[in-house]
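One chain comes next, on its own, written out as structure tokens in the form predicted on its own.
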Amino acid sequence: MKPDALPLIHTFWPLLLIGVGAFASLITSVWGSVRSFRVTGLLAFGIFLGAAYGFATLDPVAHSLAGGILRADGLGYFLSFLICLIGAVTVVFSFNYWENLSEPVQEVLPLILFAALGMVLMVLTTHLLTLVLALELMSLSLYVLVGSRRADPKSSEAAIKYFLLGSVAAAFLLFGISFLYGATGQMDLSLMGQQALSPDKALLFQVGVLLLLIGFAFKVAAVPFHFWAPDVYEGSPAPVTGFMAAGVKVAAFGAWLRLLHVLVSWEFLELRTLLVILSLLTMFVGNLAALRQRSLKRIMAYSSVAHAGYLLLGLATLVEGAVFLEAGMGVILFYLGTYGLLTLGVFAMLTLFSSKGKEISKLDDLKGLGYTNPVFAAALTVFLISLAGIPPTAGFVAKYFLFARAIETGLIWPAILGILTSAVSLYYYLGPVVQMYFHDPVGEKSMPAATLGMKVLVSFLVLGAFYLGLFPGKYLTWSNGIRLEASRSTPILSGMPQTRP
């Protein structure tokens, strides 16, 4: 081993662990027995926990590999830590679901690892080509996961829709990157921010930025690029929907932050105005469309759209003229962590209710669960009211900090409109609660006994929802301390080719 490779392994060993673990899980999964599936589950869970520990404890030294292909900084480590936790939680609450399906699904756990690998690569790079490759690794894995219930026509339909529209988003991204490279001669975002832009290339650059933003808007389901989300969420297996809803949000908004950090230096782009308009449209459409839904999965899909709107407003607070207000990232990171926790909680409950092979999604399916399964119905209630922003839960604190930040930075009316749309969300979040507690059970509401791991997981998620609502200081202090240090990065490996204009 060459001596200069040692710093690379030390800095990125959690990423290498996920990559090696993903291939190792493929080997254990092809054995095709119940025992091998359990071995694969334990392996995937251990890999996610080990990688999460690494990202949480490693010092972000702001080193980079070959012009931003990999970048070790505070933002990348923090978001990678969240992605690994999302993966670990998904493995725990989905294991029984996959094991009890009639058709073999040995490949799902390796695919979850490969999707997580793509997500982590997305937040650890400032190189646009690496970003696209990571995005495609994540997306291709998710396309297969969405269609993993091969006997269910809805699952196949959702996979085809997601694949087609995801391909359109990838095309926008690639086209935008080609324009940006043509205008700046750079693939590394950190170098692109230092590039002087000649007047004759300004239009080329603006078109590239617009196409890039459209591609990311598809991924976070921002209006008007949100129309794929309800059908894909409804047709996907419950654990896949939860993993996708939480993980993709973290990865995509991590990429948004890196992109915004560079693009803000060009004032002629009017990024703040663009983000505010996109945010308001997304908040209004997401919340209003959710009011008419009779499927909890579709409600969560439009809820995801609405939360993307709130996060876009958070991004707008980071822009002040040509200055990127790095100190404001903590609010967005706090919101992402909270949203991931609560969304995984909702889909953990749906997965548990669906564990006999029948997907539970319609609101009518929830009737009387408060009497037949009071503990898990109470847990689902906690997650839903927290997403609605009711105190003293984590969702309330996350929204409070975000809207307070918007008011502090002068976005008063967008913040007021965001608060009003959040109040509207109470109606559709409380709809499932009404079904569980104010209606008699219809038919037999039987479900398999929850495993010890599932009980422990749900307990931690419920406690987390209240702990972050009552004592948010430690997590907020941690997220507020995250910094983007790309401009001070130094290469780990010498002698490798750098991107040139």
Partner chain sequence: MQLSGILLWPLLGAILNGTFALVGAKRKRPVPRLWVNIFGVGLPILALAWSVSAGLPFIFAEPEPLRENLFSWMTVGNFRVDGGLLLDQISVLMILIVTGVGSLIHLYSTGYMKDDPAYAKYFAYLNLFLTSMLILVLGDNLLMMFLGWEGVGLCSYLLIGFWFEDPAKAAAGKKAFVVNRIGDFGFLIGIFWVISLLMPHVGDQASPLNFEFMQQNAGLLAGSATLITAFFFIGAMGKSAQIPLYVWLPDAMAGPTPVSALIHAATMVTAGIYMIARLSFLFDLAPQTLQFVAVIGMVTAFFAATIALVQNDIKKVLAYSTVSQLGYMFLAMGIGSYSTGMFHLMTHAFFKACLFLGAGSVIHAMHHEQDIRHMGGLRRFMPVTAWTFVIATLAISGIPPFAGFFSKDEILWETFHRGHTILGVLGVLTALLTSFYMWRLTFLTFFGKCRASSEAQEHVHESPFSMTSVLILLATLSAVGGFLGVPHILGGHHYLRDWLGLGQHPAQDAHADRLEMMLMALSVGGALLSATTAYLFYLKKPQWPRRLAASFQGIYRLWLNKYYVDEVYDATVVQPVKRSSESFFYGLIDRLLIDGVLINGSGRFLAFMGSLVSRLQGGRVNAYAFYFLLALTGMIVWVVVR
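Nothing here was measured: the structure is a model prediction, and the numbers come from that model. Residue numbers count along the first chain shown, from 1.
The discussion below concerns the form predicted together with the partner chain, not included here.
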Are any of the heavy atoms in residue 226 no more than 4.5 Å from a heavy atom of the partner chain in the model of the complex? yes
In the model of the complex, is there a heavy atom of the partner chain that lies within 4.5 Å of any heavy atom of residue 231, even though the partner is absent here? yes
Residue 203 near the partner chain in the model of the complex, any heavy atom under 4.5 Å? yes
In the model of the complex, residue 168 touching the partner chain (heavy atom, 4.5 Å): yes
Quick one: 294, 461 and 467 and the partner chain in the model of the complex, is every residue within 4.5 Å by at least one heavy atom? no
Heavy atom within 4.5 Å of the partner chain in the model of the complex, from candidates 315, 285, 92, 382, belongs to 285
Scan 289, 280, 159, 257 and let me know which has any heavy atom within 4.5 Å of the partner chain in the model of the complex. 289
Hey, of 362-370, 160-168, 400-408, 109-117, which bit sits against the partner chain in the model of the complex at 4.5 Å between non-hydrogen atoms? 160-168
